[in-house]
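Presented as structure tokens, the chain that follows is alone, the form predicted alone.
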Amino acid sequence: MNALNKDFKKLAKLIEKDLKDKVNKDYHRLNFHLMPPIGWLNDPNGLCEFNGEYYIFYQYSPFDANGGAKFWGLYKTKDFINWEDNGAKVFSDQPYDCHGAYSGSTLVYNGKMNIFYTGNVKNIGDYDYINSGREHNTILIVSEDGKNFDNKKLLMKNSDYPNNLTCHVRDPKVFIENDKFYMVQGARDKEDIGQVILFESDDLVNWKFINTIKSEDKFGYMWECPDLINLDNKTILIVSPQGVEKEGIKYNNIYQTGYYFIEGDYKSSNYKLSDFEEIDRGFDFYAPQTFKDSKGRTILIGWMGLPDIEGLYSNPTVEFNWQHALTIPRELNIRNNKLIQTPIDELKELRKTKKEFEVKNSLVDEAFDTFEVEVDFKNSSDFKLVIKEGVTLEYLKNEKLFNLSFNEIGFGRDIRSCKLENLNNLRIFVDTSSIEIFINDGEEVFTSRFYPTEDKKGINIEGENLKVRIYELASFNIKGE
């Protein structure tokens, strides 16, 4: 442990203690989502199960709610309901990561946590920081106990990546296949084409570049946070492209997140990517990461936010010195050749008071601050649901269109949509300042933030022959380290 590491640890704890009361006075602090203790949160990192506990790391900037020097924060849990807040754990304290411990992953192997991440360095000078002036270094931390994360090793630097790439290479995700180790990283080449680069290793330390994975036609200038998984005997590449042009109701966010099915051998040139499909249609979803747990589930958690949204929409929580959160955990499956997301079963333990309704045409009720709504449709028909006087969910059967829209409580968020052949059921999670909508058992998902006042609790439904269940939801139980 060096002196800078010691000072960062002390300083992070001091500022967390100093600002805790102000942060917790904000009504919009979430009840069943993971947030930064203070400051800024972005990508989930290093998701894994280790010694009977789930480790949820995340990008953390405690000193500024608008971002800044990036560390890794950590939450741990055994059941996804009771949590231990470990605060900042991985610090940008070396010459090769001095401007940020950027995103990465954890591979649990031989009883150890092998943590890979990008060390960000921005040199001082007249640089464009695309083709010059920036270092993206691949770093390994080996932790034997899941408590100490100081054993760092520099594995790769810019000169170790293919020479057709810009300085933008980052976000290593590591996995095992056929007794070999593989790593995918997001990249931008010198022609501004987004892609994923693939490495192979026998020992987790020495890595050899073996292939590039990219779409046949250019699809954005940078592919961030790649995640290559095998699910139901299908190979899936999850990625967050930047620089994709809007197409009607598709690709409406500043940056996108979605997936490709890969046919053939992605370790060679003999592969083909399917069409790109968006994972989430809402305003606030980016940089997801998956891991496989001991129950055999592939679980996904995303960042409930986006970078570079200034001037588009905003989060008033900044006034209380915090910003952003992680999504609820979601189990992935494939149905009808489509990636399906469903909330993990453990979240049902949050359910408290329950209301049930048989709705012939309409329902007006008062919901709770935080709640879950289930709606079953006897027949797919026009439908409208207004939550807290400012969030509207609407299905237009003739147009086969589902819309999510906001009034002023969206703080600049307006409307997002998807095509939907039929509306069979909805499952909606509403926290104090977030909404996650799962349509037709996870066929489509919308994730967004919104900011109602504390007095807004109404729920209004218009639709024919509906079964509605509303559950009040308890809060996560989060304790300090």
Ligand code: FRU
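Computed from a predicted model, the values in this text were never measured in an experiment. Start at 1 and count along the sequence shown; that's the residue number.
Beyond the structure shown, there is the form predicted in complex with beta-D-fructofuranose (FRU), which is absent from this document and is the topic of what follows.
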{"item": "Listed range touching beta-D-fructofuranose (FRU), judged in the predicted complex by heavy atoms within 4.5 Å, from 355-363, 158-166, 191-199, 101-109", "value": "101-109"}
{"item": "4.5 angstroms heavy atom contact with beta-D-fructofuranose (FRU) in the predicted complex for residue 286", "value": "yes"}
{"item": "beta-D-fructofuranose (FRU) contact in the predicted complex: residue 224, any heavy atom under 4.5 Å", "value": "yes"}
{"item": "Contact flag, residue 291 vs beta-D-fructofuranose (FRU) in the predicted complex, heavy atom cut 4.5 Å", "value": "no"}
{"item": "4.5 Å heavy atom contact, residue 303 and beta-D-fructofuranose (FRU) in the predicted complex", "value": "yes"}
{"item": "Heavy atom within 4.5 Å of beta-D-fructofuranose (FRU) in the predicted complex - residue from 413, 28, 70, 33", "value": "70"}
{"item": "Contacting member of 173, 324, 388, 170, with respect to beta-D-fructofuranose (FRU) in the predicted complex [4.5 Å, heavy atom]", "value": "170"}
{"item": "Any residue of 37-61 that, in the predicted complex, places a heavy atom within 4.5 Å of beta-D-fructofuranose (FRU)", "value": "42, 43, 59"}
